[in-house]
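Next come structure tokens for two forms of one protein chain, structure 1 first, structure 2 second.
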Structure 1
């Protein structure tokens, strides 16, 4: 931490000119889209990225963003490069589909999420944190160095597994899921400059064999977890049972087994990988800001005392919620929300031809100098100063595709922060080496290694 804590700038690439940004990415391994973003993107509302045959427009303007993401005529469908990259993992699921296919899936999926009451889910969250604290006590007692990325992935995977399947995810399986997700992410993150610069719209995206194998491992784990619900005839009373029972109102048909794996793959991605991403950054930043750790502990003492952290407490932990929101601002799990122009159109004062890439960029919008005071600083108190411009904050997206799990993630993250900050001190091993990259989610370029110590009186 710096001598003046208020000057602490969490890790981020230094913005450069378009030419220098391109040269920087050419020299990087793995390549990351974050380092390709030029400095103009942090000050302009629409920035043409002049690298591409098809044309790329990066959009920060809140009104334009809302227009693009909520367009009822579907002039801006999911970007073909993103769809091609994600298909091996989530198939033709709600995360990548458009039009009638998306509307059918959304209608069948929504009842499962309305069934998942936060109060019921909180019990599973708490049980997962209980088990993880027992594991972390052993790590602390042995003085082990551990991966913060893997730790957050393990805990959030266990929570989402209990929520969907009513059963815990064993440590070995959690580690394999984390490793397979990381392998998949590295491929998605690695910028294919030929495809980006010279590729035609709607070109075929081919993932390497080792990435396809990682996706198959993840899908095989999901299939194994799904099997009991299929055998029991959707009688388990949990999310997966609701999905098995879901029917298309027009045809009366349910999801096929492959479609179920597709949809559950999305839930693992949205409910596990994204939360693991933001929690990795939150705990890293708190390891550098002991002043915020003390404020969190003071709030827990005032709201909870020495007892169990209950759901009602989490809802009252306002500073913890603002720490979570600020971590989401600086490190939005979905770094870019790519769309494609289905026809020639205007984006602000720029013409976008059919097939152009339209990049809605939470990363740059959340750090934009016209939208945020001191945008590169970690400042949870900004959320109490009424300085949020509508449309400038979109970690869960906007419009009809906004994340249905936003409330779930907020409660889950609040519980994790309250329980783990209350009980442990976290120490980053090499904080100056931590750098973010845009993978499938916003992740450290290399795993953040940590030590943890149990607070003596807890």
Structure 2
């Protein structure tokens, strides 16, 4: 850490000229869209990325971002490359559908993520953290070094598994779902860079056979996990029960079995990879910032004392929430939110042809020099200073397609931060080697290795 902690800048790629960025990306393995972003994209409001056959515009302008993401006429549907990458896993689910199909699904899915749904889910979140602490106590006692990325993926997958199926990840089929998901995550990028640069709009996206096989395995396992809820009817008090009970208000019809598998696939994927990504960055940064760790502990002492962390406490832990928000600002798990121009259109002063890719860019918007003071510094207190320009902060997206799990993720992350920071000291091994890349979510290029120690009596 720097002598003056406030000068600490968490890791980011060094922005370069467009040509150097392209050369850098072609030379690197695995390729990351993040390194393709030229330095203008951190200072301009709209940046054309000139080297793509279909045309790509990277958008930071808060007004344009809002216009594009809230467009009621669906001029900017979901991007074909992203849809093609996810389709073998999540079919035509809420994350990838558009128009009337999406509206129907959104209305049917939303109740599972209501306040009541989250209050119910809190019990499962707490039990998953209890189990994880038991595991981590052993790791700490033995002084073992472990992968922070893998640990966070496992814990968030366990939480989502318990809240969807009332079942811990340790159990047979659920475990296999997690293993196949990890394989999918490793192999698939949300946007394939070759297709992005060379491909035609709406071209066929072909995943490698082993990725398709992993998707098939996951879908078969989800099908097996679904069976009891379908047989017993909707009484389990978990997300599957809510989805089985959900009805289309116009037709009175529920989801078909295939649709249920699609939706559950998306909850599993969107619901754990994203939170795991931001928690990995948050714990890494805290390992570099003992001053923030102390403030978090002081807040927990004041709000919770020595007892159990309850849902009501998590809602009152404001500094923890600001640490979470700031980690989401610097490392938005969905690095870019891609859309396509359905017709020829103007984006600011640039013409976008039909089929051009419009990249709403949380990564660069959140680090934009005109939108944020000291954009590269980790400064959770900025959220109490009223300096957020509407449309410049969108880790959960904006408009009608805003993340349906945002409140769920905020509570889950608050609980994880409170419980784990209270109990352990985190020490990163080789912190200077940590570099972010954009895969399915924003991740470290290589796993971050950690060691933890139990704090005193807790």
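Positions refer to the first chain, counted from 1. Between two forms, the rigid core is the largest collection of C-alphas that superpose within 1.5 Å. Predicted model only: the values in this text are computed from it and were never measured.
Colleague: Of structures 1 and 2, which one represents the form predicted in complex with protoporphyrin IX containing FE (HEM)?
Modeller: Answer 2, the form predicted in complex with protoporphyrin IX containing FE (HEM).
Colleague: After superposing the rigid core, is the C-alpha displacement of residue 220 2 Å or more between structures 1 and 2?
Modeller: For residue 220, whose C-alpha is compared between structures 1 and 2 after core superposition, the shift is 2 Å or more.
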